[in-house]
Ligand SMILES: C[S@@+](CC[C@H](N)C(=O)[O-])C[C@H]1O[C@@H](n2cnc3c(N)ncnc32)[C@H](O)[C@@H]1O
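Let's start with one chain on its own, the form predicted on its own, as structure tokens.
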Amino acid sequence: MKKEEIGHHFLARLGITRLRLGGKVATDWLMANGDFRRGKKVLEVACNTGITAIDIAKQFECQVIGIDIDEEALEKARQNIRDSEIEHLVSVQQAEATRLPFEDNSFDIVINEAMLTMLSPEAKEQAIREYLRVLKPNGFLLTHDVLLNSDNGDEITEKLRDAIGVSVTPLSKEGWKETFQQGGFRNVETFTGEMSLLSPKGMIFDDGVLGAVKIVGNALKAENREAAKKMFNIFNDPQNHLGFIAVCSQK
């Protein structure tokens, strides 16, 4: 991993197209709980290359706006949107989660995968307040993030920080629930399980057999090997110190 390169950029460079910590099963749970249907207005925060936004628009005929701070990822998202011929339903723009450029009560659904853990506690709280602000009354917040399963949380968190190069702040199940409740949300429901990011099954499901082979090949390159090994070890820990959590909350 290059100096100053953070984890999700490194994973994208390896060839991973979807940062889904709990894989398709977690994303499907969010989709089932979000009341998606035609005419709904959806905001995806940290949309990366637009894959999820495109899937939502195709499946439910929703209007979807994606935001990300990475302009390079957004350019890829715009190309993916054009290639999918879905420009009438999906658009993307550069923006920060903690300062959303939208009016109050603008969206029926906000979805955010693999991002809140990347923020400091203060920034996490600010982002959640922003999600609450832009959601319409009774709107849904759907999040998918890192679950801390260990009693030795500080040690596991430090290992994760070292592996991905960001001062991450994963939380326990109760910690996540409390964070959303304190942010003003109600009806906070959760779904948890084992981490699938960088697992053989997860890579094959999200990126196909050829994609998984490409990811492994890139990970074995000399310049990537050490960082890839750290990430693989922390995400595939046999003691399951880290898992995924999907959360559905309502305004």
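Note that this is a predicted model, so its numbers are computed, not measured. Each residue number is its position in the shown sequence, starting from 1.
What follows is about the form predicted in complex with the named molecule, which we do not show.
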{"item": "Non-hydrogen atom within 4.5 Å of the named molecule in the predicted complex for each of A46, I69 and L119", "value": "yes"}
{"item": "Contact label in the predicted complex: I234 to the named molecule, heavy atom within 4.5 Å", "value": "no"}
{"item": "4.5 Å heavy atom contact, H241 and the named molecule in the predicted complex", "value": "no"}
{"item": "4.5 Å heavy atom contact, A97 to the named molecule in the predicted complex", "value": "yes"}
{"item": "Exercise: A12 in contact with the named molecule in the predicted complex, heavy atom 4.5 Å", "value": "no"}
{"item": "Segment that reaches the named molecule in the predicted complex - one of 61-69, 209-217, 188-196, 29-37, heavy atoms within 4.5 Å", "value": "61-69"}
{"item": "The unique member of A163, I81, A114, I109 whose heavy atoms fall within 4.5 Å of the named molecule in the predicted complex", "value": "A114"}
